[in-house]
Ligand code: TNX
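In the block that follows, a single chain appears as structure tokens, in the form predicted on its own.
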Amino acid sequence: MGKISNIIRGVVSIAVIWLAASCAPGQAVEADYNVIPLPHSVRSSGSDPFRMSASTTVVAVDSAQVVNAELFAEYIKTLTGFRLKITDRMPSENYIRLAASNEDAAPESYRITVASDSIVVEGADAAGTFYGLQTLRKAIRGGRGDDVLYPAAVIEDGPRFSYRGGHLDCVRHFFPADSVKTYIDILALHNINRFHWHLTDDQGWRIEIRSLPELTKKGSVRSGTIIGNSGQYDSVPYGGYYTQTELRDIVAYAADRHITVIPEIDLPGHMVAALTSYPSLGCTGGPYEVYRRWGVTDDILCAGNDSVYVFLDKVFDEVADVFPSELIHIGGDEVPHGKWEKCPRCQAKIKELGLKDDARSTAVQKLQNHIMKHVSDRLAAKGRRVIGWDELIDNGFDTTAVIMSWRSPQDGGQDGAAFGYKTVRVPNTHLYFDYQYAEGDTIGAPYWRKIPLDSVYAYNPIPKCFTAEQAANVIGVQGNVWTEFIPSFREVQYMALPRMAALAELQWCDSPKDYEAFLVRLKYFLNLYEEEGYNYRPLD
């Protein structure tokens, strides 16, 4: 009997110890608000920290905040292993409340108030609340299974630029819808709110236009691809395109993360895939072949052919139906005009329109304006606005267009902001993330220019020589990823990360730059890349 009593007492003791351990607070790590991008203001309140654990509740009282809460719960689960509960009722303590009540603040800004019993995230709007939650997510520096101690503080923050862009070329190399969604997740992590999606070019047509089925039947597949810079080609058919169902799904996925998708249909050049599908749209009538190499071709849409304008109406009517964004990108870059100079129909159109050379542009350049103005007017009737590359300035295009400045002055580029255009800065000297990081790299475009991380961070979107009016014309900054030399999505991530972290600070922060302090924060930020499974270039 004594032995049995001892056994019982031992079992009870073990049970008590287990119960005490299961009820005790878990191991905790302290959060750090020195994140990327760095918040504008963090004021310590001096009280006890807030402990986020598996028992913490997220309070969301409207549909937009429910979406924010669900995303935040997934982020926290990835980092800690536990999933937060979501409710529309206010508990007495241990909660994170989401609101969009900070209406006097600038769009997309937020205030976080951390107390011992609660965290309140107040956005100026639902997007602002989302970015506040991103800051809470990024502040975690611990392992799975740990509670998180958020130091008591008041954080006030908001973006420098309204347009914060990330670009991806899915033409030269095609990436399936799931990869595009992952790219959108990466943009969201960096507080980027515009996804510029390059969908058509000489090397392929990637968007379904139901009224023009040949575009994807013929134009989405090339018969082979150039091998590097060798001048040799493989003979492997390469293609792919997105259905309108997929496109709408991606648009909705991005909207949940407060990202607007801006599609690009590049014209009147970069159109060989369309000419292959419908040869009558070209000046010569073909035959054409979806381009197997990179670079610029002489074959462009025939501006003197009335059927081209019908074609463009069909394309952009469907584009506008699928994509609700105010801005639609219509390209306008790298357009050789040689075929127009020899084409009787184009010359007749120039005469019909009364176009003449002047000090600003030639009659042929003005013909390019005519075809692009047709698209601009069509979209304006639907409440949309066009954005295009800085070559539009060369042709004296209407200043209602937004300019995306990509060329350096030595490459012939002109600054849209200086000419009165609202402008997004995306210089190929600093923000082309397909360019290799350094000499000796084997991934990325092997061009003469290398763009290391510190070069991205050093870029100044608003030169000191700008007037106040010119500075106000700069509405944003964007990083571009062209994919001629990036065949896999893992390589896309490697080329974008961590340069996108430096871009995020250019887009969001207006405080003086401190590259060394940024690198300290970046070392912790890379842990998030690891937890999310993103591929990135390690720091040197």
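From 1 onward, residues are counted along the sequence shown. All values reported here derive from a predicted model rather than from experimental measurement.
Keep in mind that the form predicted in complex with the ligand is not shown, yet the notes after this line are about it.
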**Item:** Proximity to the ligand in the model of the complex, single hit among 146, 441, 208, 334 (heavy atom within 4.5 Å)
**Value:** 334
**Message:** Exactly one residue in 425, 270, 138, 190 has a non-hydrogen atom within 4.5 Å of the ligand in the model of the complex; which is it?
**Reply:** 270
**Message:** Can you confirm whether 437, 491 and 494, the three residues that make up this candidate site, all sit within 4.5 Å of the ligand in the model of the complex, judged by heavy atoms?
**Reply:** no
**Message:** Given that the ligand is not shown alongside this chain, does residue 389 nevertheless sit within 4.5 Å of it in the model of the complex, heavy atom to heavy atom?
**Reply:** yes
**Prompt:** Does at least one non-hydrogen atom of residue 505 fall within 4.5 angstroms of the ligand in the model of the complex?
**Reply:** no
**Request:** Give a yes/no on whether residue 50 approaches the ligand to within 4.5 Å in the model of the complex, heavy atoms considered.
**Result:** no
**Message:** Whether residue 384 contacts the ligand in the model of the complex should be assessed with a 4.5 Å heavy atom distance threshold; does it?
**Reply:** no
**Asked** Picking from 60-68, 480-488, 27-35, 40-48, which part of the chain touches the ligand in the model of the complex when contact means heavy atoms within 4.5 Å?
**Response** 480-488
**Asked** Even though the chain is shown alone, can you say which residues of 290-321 have a heavy atom within 4.5 Å of the ligand in the model of the complex?
**Response** none
